[in-house]
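Only one chain is included here, represented as structure tokens and corresponding to the form predicted on its own.
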């Protein structure tokens, strides 16, 4: 039997080295073509949608930003003005530059207030709702996620009533009647006022950048903007919580069991096991938060339309205002391109910071 097996092996060996038969080669090519065709059929609609709704609008926006277009006539009939729109926003002193600087300042405070708050709250809630011993998890998950699927305009109008001087917020606070939505004072200025600093120092009032003094740049978010930040944090935390829940449930139970056997307490488990294993999810949530907060529009529009005293205008709102209220669509397109650059810079910085502190 052994001799026979060796003989059959000797006979089979040349067959494996033999080139494929033409018919078999033809079948392989046919199968490969079918797979390629199926791949294009499945990805074609997505690629077509990306080109039609993302790539072409971005290219058209760049093209329009170099033209003097009022939004009423065809953009192809408008004159080419080069970098004039960008120059008005960045280099020429005037109301356009000052308003653009205000929008960047307001949105910057909005980002550094909302993104950490919504990320931290969502992570803590997700960790609590992921506990196996918790009863009624389905109810709590639905309750926290419900604001995220409610119309943002409807939620904003409810908050407008709540934050009125005689509204529910002032009714439960012991500070008296606060004029939330019409108060243009910055929170940092208010804090300095408590310790007796009501006027800007000479050095802060004498240095200007893009039409705003250093005193104006460091005013902090206005009271009205702070109210909008609380509103947005409440409505977006549910979505982030859902993403964190998915990330927490992907952690193998054996890892937590091993940490428990090694004597890790709840705090050590959270800080040394959960956080390191959730780093990709945290990065994703922070990235979503950064992009979303730099594009805030509907809450600003519905709350007080950029007021009071332009302390809640943002670049996204200013794009709308310049394009559809001031009939300067070319200028609005230039603001959109600059906003795109700001988002890219923040995304790059965030990636560098997270990569420098460990592997994603």
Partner chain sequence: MARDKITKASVKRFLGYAALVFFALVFILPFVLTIVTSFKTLPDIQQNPVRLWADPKYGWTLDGIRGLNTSNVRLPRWAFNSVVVTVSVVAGRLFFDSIAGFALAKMRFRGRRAVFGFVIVVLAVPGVVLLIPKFLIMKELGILNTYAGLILPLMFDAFGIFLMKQFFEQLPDEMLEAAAIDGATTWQIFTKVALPLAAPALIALTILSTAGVWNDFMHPLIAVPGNPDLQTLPLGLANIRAAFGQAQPWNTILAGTMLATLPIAIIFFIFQRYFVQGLATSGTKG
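For the two forms, the rigid core is made up of the largest set of C-alpha atoms that agree within 1.5 Å on superposition. No experiment lies behind these values; they were computed from the predicted model shown. Numbering follows the first chain given and starts at 1.
Unshown form predicted together with the partner chain; subsequent notes refer to it.
Answer option from 78, 87, 213, 164, heavy atom within 4.5 Å of the partner chain in the predicted bound form: Residue within 4.5 Å of the partner: 164.
Of these, 141, 96, 189, 105, which has a heavy atom no more than 4.5 Å from the partner chain in the predicted bound form? Exactly one residue meets the criterion: 141.
Sort through 271 to 279, 219 to 227, 192 to 200, 238 to 246 and report the only stretch with a non-hydrogen atom within 4.5 Å of the partner chain in the predicted bound form. Of the stretches listed, the one contacting the partner is 238 to 246.
Can you work out whether residue 261 and the partner chain are in contact in the predicted bound form, taking contact to mean some heavy atom pair no more than 4.5 Å apart? Contact with the partner chain, no.
Decide whether residue 295 counts as a contact residue for the partner chain in the predicted bound form under a heavy atom distance cut-off of 4.5 Å. Residue 295 belongs to the contact set for the partner chain.
Contact of residue 206 with the partner chain in the predicted bound form (heavy atom, 4.5 Å): The answer is no: residue 206 has no heavy atom within 4.5 Å of the partner chain.
In the predicted bound form, does residue 82 come within 4.5 Å of the partner chain, counting heavy atoms only? Outside the cut-off, so no.
Taking 40, 316 and 320 as a possible spot, do all three reach the partner chain in the predicted bound form with a heavy atom inside 4.5 Å? Judged in the predicted bound form, 40, 316 and 320 all sit within 4.5 Å of the partner chain.
Enumerate the residues of 100 to 122 that have a non-hydrogen atom within 4.5 Å of the partner chain in the predicted bound form, in sequence order, or give none. Sequence-ordered list has one entry, 121.
For residue 291, decide whether the Cα shift between this form and the one not shown is 2 Å or greater, given a superposition on the rigid core. Residue 291 C-alpha, core-superposed: shift of less than 2 Å.
Indicate whether residue 139 shows a C-alpha shift of 2 Å or more between this form and the one not shown, with the rigid core used for the fit. No, the C-alpha position differs by under 2 Å between this form and the one not shown.
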